[in-house]
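We begin with a single chain expressed as structure tokens, specifically the form predicted alone.
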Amino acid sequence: MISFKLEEEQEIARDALRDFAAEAMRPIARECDETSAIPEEFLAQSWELGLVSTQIPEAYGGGGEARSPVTNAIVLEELAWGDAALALAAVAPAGFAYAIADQGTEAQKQKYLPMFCGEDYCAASLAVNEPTVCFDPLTPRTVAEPKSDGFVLSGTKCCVPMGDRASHFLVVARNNGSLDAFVVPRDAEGLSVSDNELNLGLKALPTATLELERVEVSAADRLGGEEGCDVQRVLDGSRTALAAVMVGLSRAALEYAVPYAKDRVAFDQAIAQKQGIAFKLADMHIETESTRWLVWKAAAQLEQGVSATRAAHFARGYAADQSMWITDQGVQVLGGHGFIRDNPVEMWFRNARTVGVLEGTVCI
């Protein structure tokens, strides 16, 4: 039997994060976009919610709650409804922490997981993207060369979230024809971290480019140790998370456009009553709902422990296309008002375009 009814705990989490998004994110989103900065106060507030720490085992200082990718997808949608850039900043550490929790050695868990269970925001990031044409995360150009008791990493990573302050990076690289991930501390010799990148959207989210020039790491820094890790599993979680963010963006544009269309009068009639607008709003609603079901399917497969690669790929790909279309339609419904900064739809349009080309920013 298939049911789309939320459990009581999921409804509580959704409502709590919806309130947080409305009260702590929406009011500062525009200023953060204009200044390309995130207030430390917001990072502290978001960290207090325990979005990451509560899902880390008690043995390593966390809350010990069982992680639910479905619940996390619901939470991410609500946060992204508030603001996508702020949402990604709040949960960026999850990309690193969850990979360690799921696939790290015992020594790696003991060393790194307690970092995310303190009172202060802890920045560590998953580095997957590369600045190449038609980038495929399964065939990165960053390579890991075995060397005595460790590896030498060479390559470039871009769009690394919270790169301005991250203490560690989990770098995905090719290793003898297969994929691996390696923990690289910020102060590693040969690693250079750029200033904040200048992006089309997500302007508030600090992202950086990593240049790895023969960076040496020990065998103990390889995620999973001698056995390595399943990078595809990490990517599946990341793609599903990004798709959930795009659902939140789509819903934000839809919920802003509908009341505007009802209030905006042209030729003695609300534009929402005109077929050209009414059909557009209906299609926006249909595509938002459709994308959400794809996200929940991928999240459910992750939660069940079965392969979610196909579902996550579909969810992210469809969400990228439809969130771009939906936010564009939001701009069109507002007409000339959609292109000015007095309304947030132009910001959501830029954010949708940017989130759609990200890979591996967060995990659920």
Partner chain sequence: MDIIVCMKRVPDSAARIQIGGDGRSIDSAGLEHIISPYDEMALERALQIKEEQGGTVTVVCLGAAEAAKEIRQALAMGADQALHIKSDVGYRDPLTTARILADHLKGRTFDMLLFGKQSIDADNSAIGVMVATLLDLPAVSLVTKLDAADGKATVEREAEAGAEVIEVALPAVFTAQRGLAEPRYPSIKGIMQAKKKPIEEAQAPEEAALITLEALEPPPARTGGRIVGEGVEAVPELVRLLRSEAKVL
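Positions refer to the first chain, counted from 1. Not measured: the values here are computed from a predicted model.
Not pictured, yet referred to below: the form predicted in complex with the partner chain.
Here the chain stands alone, but in the predicted bound form its contact with the partner chain, taken as any heavy atom within 4.5 Å, falls in 64-72 among 64-72, 318-326, 334-342, 305-313. The shortest heavy atom separation between Ser36 and the partner chain in the predicted bound form exceeds 4.5 Å. When contacts are judged by a 4.5 Å heavy atom cut-off, Pro57 does not count as touching the partner chain in the predicted bound form. The closest heavy atom approach of Ala29 to the partner chain in the predicted bound form falls outside 4.5 Å.
In the predicted bound form, none of the heavy atoms of Glu40 sits within 4.5 Å of a heavy atom of the partner chain.
The putative spot formed by Glu11, Glu23 and Gln45 is fully lined by the partner chain in the predicted bound form; each residue has a non-hydrogen atom within 4.5 angstroms of it. Along 14-41, residues Asp15, Ala16, Leu17, Asp19, Phe20, Glu23, Ala24 each place a heavy atom within 4.5 Å of the partner chain in the predicted bound form.
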